[in-house]
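As structure tokens, one chain now follows by itself in the form predicted alone.
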């Protein structure tokens, strides 16, 4: 019989990530490689481990095979346990009926039996597509001190970006007085991080009530949170100070990757007090050829560099041949940049081949304002020698 847990986590990892285009063609968004040797989901799983949360349900749905295989028994995150640990929770058939997860709230609702077996006092609901370090135990303590029914982690965002998030108004004591999901005209800059702690009996009641509604999106931000506010539940904000990035777009993945190269802008991956764990392959050390030129870049094990790298993130088993140049780009595992090719302001997905002399992307024009145009070459794609891919283009098939 499972042992009672004070708090367990439910990690939502089933999103399609349609805005990421070919990167999510064959894998769920949380499984996308990041930072040379990690996957996006590593950050949330590592936060759980470092926070003392030893029971995590991972709710998968879209293209789950690679994510399921990557998580495995959970050993890299110390989550391979008899009582608790990590559990993959896909949709399943009950008797003669069954259905896909209809929304974030419905995904948790369908797994009420999994949660109930641990008789938890609190449930931590997380997203698997954010890059950040956070001590959930501090948030749990604040949640208990406030005797809150729900606590939402919040971060200040620029007002011009606020319409992308759930935005809330907060009383001086930290209690939430208003919440609006992705408002066209946001009233504040207090944005939900998609990190919630609920008293389990209260959340269970609202999940069951939401499931009975005819017109509902079965979503935490759109339905559960507003319903709890309307029901006068005790709801508080937990202010987060630190790096946090929603990597739901090509531009955001590129931005977060470039942030890794600037310690003043990013989380520190070398912090021994808060390690980011991963199920990474065993590769030999990276190799730099005699003519290689590398500046301000991250290199994973097993890559071989004979050309020039500048301000880039290079994953394991990447080959950059002699005369090739990679500038301000993300090169994922197994990719090959052939001799005299040029890759600038681009993301090259796993096992892609950029042929000899090909040109991918380009440097921003001098004096050009706004975000640079990021080119994307999909996984396993072959770009023929001498081809040119203009800035901002997405390559989904061999050219």
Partner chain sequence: MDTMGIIFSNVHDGDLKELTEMRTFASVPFGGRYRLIDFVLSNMVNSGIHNIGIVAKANYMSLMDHLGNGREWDLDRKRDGLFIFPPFARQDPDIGVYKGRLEALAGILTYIRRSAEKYVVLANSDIICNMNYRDVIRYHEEKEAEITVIYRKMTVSESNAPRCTYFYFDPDQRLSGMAVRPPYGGEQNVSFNMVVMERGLLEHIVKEASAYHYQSFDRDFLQRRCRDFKVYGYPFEELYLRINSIAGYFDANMRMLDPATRNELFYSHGSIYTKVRDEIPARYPGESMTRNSLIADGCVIEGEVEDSVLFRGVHVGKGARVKKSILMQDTRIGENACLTYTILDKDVVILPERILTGYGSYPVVISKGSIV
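Being a predicted model, the structure only gives us computed values, none of them experimental. Positions refer to the first chain, counted from 1.
The same protein also exists as the form predicted together with its partner chain; that form is not shown, yet it is the one meant from here on.
Though its partner chain is absent from this view, in the model of the complex it lies within 4.5 Å of a heavy atom of just one residue from 115, 79, 300, 250, which is 300.
Screening 87, 293, 164, 102 for any heavy atom within 4.5 Å of its partner chain in the model of the complex leaves a single hit, 293. Site residues 283, 304 and 317 are all in contact with its partner chain in the model of the complex, judged by any heavy atom within 4.5 Å. Annotated contact segment (heavy atom within 4.5 Å of its partner chain in the model of the complex): 29 to 37, selected among 29 to 37, 350 to 358, 370 to 378, 53 to 61. Within this chain, residue 106 is remote from the site of its partner chain in the model of the complex, having no heavy atom within 4.5 Å. Taking the partner from the other structure, its partner chain in the model of the complex has no heavy atom within 4.5 Å of any heavy atom of residue 245. Taking the partner from the other structure, its partner chain in the model of the complex has no heavy atom within 4.5 Å of any heavy atom of residue 144. In the model of the complex, residue 289 approaches its partner chain with a heavy atom inside 4.5 Å. Residues of 52 to 77 that come within 4.5 Å of its partner chain in the model of the complex, judged by any heavy atom, reduce to 75 alone.
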